[in-house]
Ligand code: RIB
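This document opens with one chain alone, in structure tokens, the form predicted on its own.
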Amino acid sequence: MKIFNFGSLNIDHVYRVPHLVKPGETLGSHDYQMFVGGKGLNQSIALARAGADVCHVGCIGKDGDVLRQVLEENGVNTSFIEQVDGPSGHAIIEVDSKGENSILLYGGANMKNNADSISQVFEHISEGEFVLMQNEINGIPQIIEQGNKVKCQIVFNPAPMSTEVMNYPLQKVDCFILNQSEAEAMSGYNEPNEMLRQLQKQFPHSKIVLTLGSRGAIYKDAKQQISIDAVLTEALDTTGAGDTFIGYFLAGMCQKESIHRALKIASKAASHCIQKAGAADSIPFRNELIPIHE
């Protein structure tokens, strides 16, 4: 079963700093590295390294050959990546001494998906296949609508969260994967169980996956709620941890794993990710993970 990931493609400029820059402050960095990234690219690589059959859909600028190349090197189908005028999307990322990060995004080519191209992609998508999106591209409402018509399994990670999200046709989303801040913005609550109850009330036909960092993750649908603990480890860089979790969890769903097992494998993969610097480069391969038991 294929996963079509309509996702961002970014070049990440990562600066190591003693603390995250404050308003009005000029701060020197003590290290700089360039990585490929974007939530979309990260999640496609995580899916591929977890063993899923994934096609990436998106746009790059003339500077974006490295983005396509890295996806292909990881076994991602890039047939649906289009080159457009202007620069590729990019991000400025600060990482402090505790591994926390702050990210400034420029959408660039990620905001140049057009209606005709989206429609052409859906000619290749079959009923029951997965369509994954984040909130770093344009055209999300159209993608949801077309996915619903084709009877895909629509998975939405509303990151980064914006006020526009609640105007999307979210009732047609089959599965939301959110962190605590995204769930709080969508539900109006700040306690996990209250968030989940409210989100289930708002979207009674949807599955909800709530990631809580060091407190683990919770899955909820109309019939069940499943919680798992995080795999605790010392964090060097948390960039890409959420994307790694999403890729591994969704790969587990495609591979017919139990929800509990898919959550545990995703948590283990995320714990590996935060032990390395960067986003895509830090995503583990499936064979790097210690076998997970129910």
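Note that residue numbering follows the sequence shown and begins at 1. These numbers come from a predicted model, not from an experiment.
This next part talks about the form predicted together with this ligand, which is not shown.
Stretch 234-242 is the contacting one of 24-32, 63-71, 234-242, 252-260, since its residues have non-hydrogen atoms within 4.5 Å of this ligand in the predicted complex. Taking a 4.5 Å heavy atom cutoff to this ligand in the predicted complex, the contact residue among Ala91, Ile154, Val95, Leu210 is Ala91.
Residue contact check for Gly247: none of its heavy atoms lie within 4.5 Å of this ligand in the predicted complex.
Contact between Ser44 and this ligand in the predicted complex is not found at the 4.5 Å heavy atom cutoff.
In the predicted complex, this ligand lies within 4.5 Å of some heavy atom of Ile103. Using a 4.5 Å cutoff between non-hydrogen atoms, Ala279 counts as a contact of this ligand in the predicted complex. Residues of 20-55 placing a heavy atom within 4.5 Å of this ligand in the predicted complex, in sequence order: Gly37, Gly38, Lys39, Asn42.
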